[in-house]
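Have a look below at one chain only, the form predicted on its own, in structure tokens format.
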Amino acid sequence: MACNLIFCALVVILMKLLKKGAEGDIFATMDQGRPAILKTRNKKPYRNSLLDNKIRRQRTIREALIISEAKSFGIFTPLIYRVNTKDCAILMQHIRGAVVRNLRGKKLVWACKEIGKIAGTLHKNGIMHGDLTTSNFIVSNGRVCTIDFGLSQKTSRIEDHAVDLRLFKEILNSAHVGQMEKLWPSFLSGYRSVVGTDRFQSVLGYVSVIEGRGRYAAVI
């Protein structure tokens, strides 16, 4: 019993909270001597406990599978070390590098084009990221790594892919407003190079539809 308590204490000491969110918490930790990230999904007290466990378990499994699937068609994502379905947690590789949100100038313009290519590759393979922001991409050793697939889902619907693009545009308008005129076209250039002109026009057209709905709602 004492040994177990000591082990638990060591685990807690080795874990550092990096991000606390509504969906889950992110911890920096170690796994077999290598830096790792532990993502845990928070319980929702307003939901029935059995239903909550089922939803969190399903979303944990889905996220791990989509991360691995994205890697299989060439996207740089963290390696999955272990998935704990009982505690709804994923232990994965800790990617070191610069978060795209913190980049400036030409590096940021380049990164946005790479993110466009990544988004295009995901969409072309039927995956919506769900949280396409500059905070969820890390430049590591000259490559852009995609993280946080917690809201991702399998879908080939143009409407869903347009939501990804619309969110990214909103983030650029708020977090990078000074470079918006360069960043958005750079992103679109990367996206178009992967999905092709026809699909690009369809998705971008639906982005305009979403924006139109927003303006209409604001007037009402």
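Between two forms, the rigid core is defined as the largest C-alpha subset superposing within 1.5 Å. Note that the structure is a prediction, hence the values are computed from the model and not measured. Start at 1 with the first residue shown and count on from there.
Form predicted together with a small molecule: not shown, discussed below.
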Option touching the small molecule, based on a heavy atom within 4.5 Å in the predicted complex, out of 147, 103, 127, 75 = 147
Since exactly one of 37, 64, 195, 70 fits, which has a heavy atom within 4.5 Å of the small molecule in the predicted complex?
-> 37
Per contact check vs the small molecule in the predicted complex (non-hydrogen atom within 4.5 angstroms), the hit among 161-169, 174-182, 37-45, 52-60 is 37-45
Even though the small molecule is not shown here, does it sit in the predicted complex so that 21, 99 and 135 each have a heavy atom within 4.5 Å?
-> yes
Residue 30 within 4.5 Å of the small molecule in the predicted complex, heavy atoms | no
Classify residue 94 as contacting or not contacting the small molecule in the predicted complex by the rule of any non-hydrogen atom within 4.5 angstroms, answering yes or no.
-> yes
Close approach of residue 131 to the small molecule in the predicted complex, 4.5 Å, heavy atom | yes
Cα displacement of residue 205 between this form and the one not shown reaching 2 Å, rigid core superposed = no
